[in-house]
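The chain below stands alone, shown as structure tokens; this is the form predicted on its own.
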Amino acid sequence: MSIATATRQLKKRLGARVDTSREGCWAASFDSSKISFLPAAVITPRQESDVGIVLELANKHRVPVTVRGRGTTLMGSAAPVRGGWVVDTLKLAKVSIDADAGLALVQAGATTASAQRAAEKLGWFYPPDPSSKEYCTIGGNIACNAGGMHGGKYGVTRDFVVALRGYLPTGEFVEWGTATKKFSAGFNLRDLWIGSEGMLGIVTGAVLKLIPQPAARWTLLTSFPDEVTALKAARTLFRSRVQPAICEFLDRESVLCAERATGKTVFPGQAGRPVILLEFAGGVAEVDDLKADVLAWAQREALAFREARSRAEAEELWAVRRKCSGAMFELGDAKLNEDIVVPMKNYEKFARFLAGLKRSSKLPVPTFGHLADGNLHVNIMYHREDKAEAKRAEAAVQKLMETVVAFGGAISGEHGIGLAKTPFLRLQHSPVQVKAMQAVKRALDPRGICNPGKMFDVVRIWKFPKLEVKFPWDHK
């Protein structure tokens, strides 16, 4: 049966929830990777059971299905590379809080920020905080195991998912776990779905663990003469068993871009110095006890430092971090944003590698990220129409991934694999490990309908023409 015939059957079942207009399909044809593949239809479920209907028919007629939330993924994970149908979860956006148990009951289309705000109203805290949290969805966070700046102290999405529910590629409803903090009944298939990028089924709802809101927060901004010194100082801090809630690193190029964007020098007389931005959170006494030790560390290790004495001052210090990513486009009109993870013991070694990569590629490579868990965002900047620059950027990504794996790190910390990192999956995993993952995929999705063409099928995302579209979260 053709996709057109299957789509007509779907329309009979779901009516106006199925959009086959060119405008609707185009809007769902790409994510933040800005690579476009036109689907045959976009389905916007009004209730979770609609997802089961879509998958039942898709499985019967072998129609590819791609699930999406807001499309903030940078790896092409939500781009419908094989066409077919796109399931848009944004109407499934309910959030409720069990204040006694400290649990959030959320649907997949709820934004991360909406879940956080609902928890905060009742004195609870949901720590995972991707930079696009005002836009990205809980379902998308689960699909890519998203993290954010709080990851080093509190953990990532996986650490807060108590239970999941949704539909297998066959359209059958499943629940992995219950709304309890202990569950030891059978295989842990919940964690298989986390980070599976919609390839093993579609998540429609989740139960998330919450923690009490920290009573106190304290922010400190420090600068250093160079990247190696900054990263060495961070390791010195961690060795003292100090655990910051946030520890953000920005290299010289990142800081310079942010300074030019804001028109302000982070530290007067020290333009373009790498910085580490720290935030400590916990009980009032706990945070007060830390201050003396951390300030002593800053006096020993840093060129300069500035502490926030109020939340308003803290927001001012955060400006450099918030502005750096969008400001990088002054260095080139195209960016290969590679989130990688480096073991702490190799921080300084990695900084020296990056300096060499900039020299050999002759490209700007501004880098920032989360030092508390080693998740750095390496941004290889180039001009899209300059074929020589594009070729050097591609070679730089390959060298970056090979080096990260050689250092004992990970090719992705929170962005997933999608389309963009398929060429590198086999650098990370042995043939036996890849076969095991493929066996799981075949077992749960024997007809290969859920998000086909991702992760295992080697493609190079930069061979596709980029769309000239802008998202509100591009410059966060």
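Throughout, we count residues from 1 along the sequence that is shown. Just so it is clear, the structure is predicted and the values come from calculations on it, not from any experiment.
As for the form predicted in complex with another copy of the chain, it is not shown, yet the points below apply to it.
Interface residue remark: Thr204 is not counted as part of the site for another copy of the chain in the model of the complex, having no heavy atom within 4.5 Å.
Not displayed here, another copy of the chain is approached by Asn188 to within 4.5 Å at the level of heavy atoms in the model of the complex. In the model of the complex, another copy of the chain sits beyond 4.5 Å of every heavy atom of Arg447. Interface residue remark: Arg300 is not counted as part of the site for another copy of the chain in the model of the complex, having no heavy atom within 4.5 Å. Stretch-level contact check against another copy of the chain in the model of the complex with heavy atoms at 4.5 Å: of 384-392, 312-320, 230-238, 108-116, the positive one is 230-238. For a residue to qualify, one of its non-hydrogen atoms must sit within 4.5 Å of another copy of the chain in the model of the complex; none of Val81, Ala245 and Glu330 qualifies. For the options Glu286, Asp293, Glu134, Glu307, the residue carrying a heavy atom within 4.5 angstroms of another copy of the chain in the model of the complex is Glu286. The single contact residue among Pro366, Gly147, Pro274, Gly76, judged by any heavy atom lying within 4.5 Å of another copy of the chain in the model of the complex, is Gly147. Residues of 171-186 placing a heavy atom within 4.5 Å of another copy of the chain in the model of the complex, in sequence order: Glu172, Phe173, Val174, Glu175, Trp176, Thr178, Ala179, Thr180, Lys181, Lys182, Phe183, Ser184, Ala185, Gly186.
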